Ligand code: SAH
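Shown next as structure tokens: one chain only, the form predicted alone.
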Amino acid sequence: MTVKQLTNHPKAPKPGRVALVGAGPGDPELLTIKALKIIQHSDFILYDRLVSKEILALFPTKTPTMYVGKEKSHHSIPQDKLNDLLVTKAKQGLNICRLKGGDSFIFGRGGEEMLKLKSAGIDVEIVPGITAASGCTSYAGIPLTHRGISQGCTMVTAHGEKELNLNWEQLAKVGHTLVFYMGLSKAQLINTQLQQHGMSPSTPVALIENGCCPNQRVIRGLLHELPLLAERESVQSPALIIVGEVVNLADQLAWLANAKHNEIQKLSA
């Protein structure tokens, strides 16, 4: 009688979970407490281009990390491959921090990643972050809304998957503060379309470069000057374009320069 030997097959590891974490607009002190805890305790961190070097410095030195950032016409990893990678690593039992600049659900493709993970049976957690429209304008002293000036804010991406399909007439006439993400290369289009659909060429505009970072720059002017401002000042990405009368409040509400001055005085005292 032959006795068959039983082979013990190792059980597959229990799937890990993925946290889609918003890193905010750059200043590490604008991270939420929850975001920082997840960064510190994850098994693997995948991070985007817009995660600032100051936040990168907070990564635990022993935690494996992977850069999965995207720039115009150049992706370090295509989105579909990134989605598959998140699923694969989670199925290996790793608890993953997927770290994105700003907020995952505001032009961050977090919804796409979450759909893929949920369809694969992976637990997903969302940790909101301060989006650039809020953080960068606050650091520039430009309120998104202000009584008697702007009763709303419209956030727009100037980058479409295939083409830019915006209701320019509505944008020009809605009376909101307009915030264009990823709009630097479309400055001429924004200028032309808003004017053609009825917005005054003298509407105030601002370009905020590297918002909420030590090298933040704010360039202000008028709508008809927008492409010239971007070219003349050599504005670089990442940059936001703000369109609306609230831009004129920047001088009165400026606080960041004074805060930096006071901090320098404290250090030299």
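Numbering starts at 1 and runs along the sequence shown. Since we're looking at a predicted model, the values are computed, not measured.
Omitted from view is the form predicted in complex with ligand SAH, to which the following refers.
Remark: of stretches 198-206, 234-242, 57-65, 37-45, the one touching ligand SAH in the model of the complex is 234-242 (heavy atom within 4.5 Å). Though ligand SAH is absent from this view, in the model of the complex it lies within 4.5 Å of a heavy atom of just one residue from 153, 122, 106, 171, which is 106. Contact with ligand SAH in the model of the complex, defined as a heavy atom within 4.5 Å, holds for exactly one of 164, 189, 182, 85, namely 182.
Proximity of residue 32 to ligand SAH in the model of the complex falls outside the 4.5 Å heavy atom cutoff. Interface membership of residue 99, defined by any non-hydrogen atom within 4.5 Å of ligand SAH in the model of the complex, is ruled out. Mapping the unseen interface onto this chain, residue 177 falls outside it, with no heavy atom inside 4.5 Å of ligand SAH in the model of the complex.
Residue 50 belongs to the set of residues with a heavy atom inside 4.5 Å of ligand SAH in the model of the complex. For the partner-free chain shown, just 25 of 13-37 comes within 4.5 angstroms of ligand SAH in the model of the complex, judged by any non-hydrogen atom.
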